[in-house]
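Only one chain is included here, represented as structure tokens and corresponding to the form predicted alone.
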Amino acid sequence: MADETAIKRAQEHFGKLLRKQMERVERMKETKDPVDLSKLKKIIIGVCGGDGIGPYICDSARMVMEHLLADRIKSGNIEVRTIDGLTIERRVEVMKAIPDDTLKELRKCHLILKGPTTTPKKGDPWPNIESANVAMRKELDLFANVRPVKVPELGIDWMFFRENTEGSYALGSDGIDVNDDLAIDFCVATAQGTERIIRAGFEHAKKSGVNYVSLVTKANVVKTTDGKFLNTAAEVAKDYPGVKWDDWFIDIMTAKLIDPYRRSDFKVMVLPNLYGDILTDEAAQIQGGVGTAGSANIGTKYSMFEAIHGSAPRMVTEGRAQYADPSSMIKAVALMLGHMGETEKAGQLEMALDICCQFEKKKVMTGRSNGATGDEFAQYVMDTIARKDLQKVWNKYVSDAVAAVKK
């Protein structure tokens, strides 16, 4: 027999969620044009270390960022600020995913370089508070999670556009235990949120000249929200007649990314939140692991750049945090530079990372004292950028790698 009291309580809970989402839709309808960073007299970059190894790898990446932006920092065109308060200890103290004072400081920035943060899970010694990442994406409306993956010798050059503020994660902390036997979570898709991430993917495909977009859903089973995602893509595609597009289900796409006969065909992939989280980690592993991948979180007013791996608290407790690999954070700096319009410097940093991580490996990161520290690796990257023959060296390494794969 149905528990009417439990049903009523669940209905009230769902009603509150609906009202919040409808209010969010109205805010999205009022969203203004994106901030043009090139027109700002001063760009404020906030550096937020996060948890565990976060402050260590953030500091190493900051060295590289400030080195490449030295002239603009000196002229006053760029100001770099340190923003504290995103540690798990502070978040638990106030029982908020992002403390109010920290969020206030973040809102004063245009760009944010953020280290990994700890999200408590069952068995952890922390209360079950919301992910700081998810909260920041929602609070600053960072709707597009953009992750590039490149493996030149395998012909891989992928760009992922993962929706950041909806899907299965939007209400990930707002599910309900209806009773002891029944638990329900929620998945959200709005017309506005879906259109803007799909349009971002098509715009990139058009501007980059690759002219190919793959939509990834499970619309054959998740017919309402994923169906809306796919139907919206069909409408947006009409505005981009020169861009070829197709759609794939998430299960087969995870297989195709490791299919040597098909994977190099894909260029731009657009996905709802949960599928994007899964697929980009798989893609990063093909590139060399999650430690090699950075991530951009783009909104109309704010943008945040981060590593895609966790905070590795064990490295801190074992006294090894200074040996944590900062490659992913330095990759995030490259994404930030590209977003700022510093395309030449972003390209130089990308090439330097390839040379340092994949080819020369003069400073090897092991995570222990038998390897380089993060700061030593950052210096290695900066020294590599300074090489006059950087482009020539990179071309030679890539050419040799491609030839080796073909043998």
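Start at 1 and count along the sequence shown; that's the residue number. These figures come from a predicted structure and were not determined experimentally.
Separately, the form predicted together with 3-isopropylmalic acid exists; it is not shown, and the next lines address it.
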Report task. Assess the spot marked by R137, R147 and I308: is 3-isopropylmalic acid within 4.5 Å of a heavy atom from every one of these residues in the model of the complex? Result -> yes
Requested in this report: Mind telling me which stretch in 105-113, 233-241, 128-136, 171-179 gets its heavy atoms within 4.5 Å of 3-isopropylmalic acid in the model of the complex?
Outcome: 128-136
Query - in the model of the complex, the residue from T119, T87, T190, Q287 that sits within 4.5 Å of 3-isopropylmalic acid by heavy atoms - result: T119
Report task. Identify, from the list E203, D141, D277, E195, the residue with a heavy atom within 4.5 Å of 3-isopropylmalic acid in the model of the complex. Result -> D277
Report task. Give a yes/no on whether R162 approaches 3-isopropylmalic acid to within 4.5 Å in the model of the complex, heavy atoms considered. Result -> yes
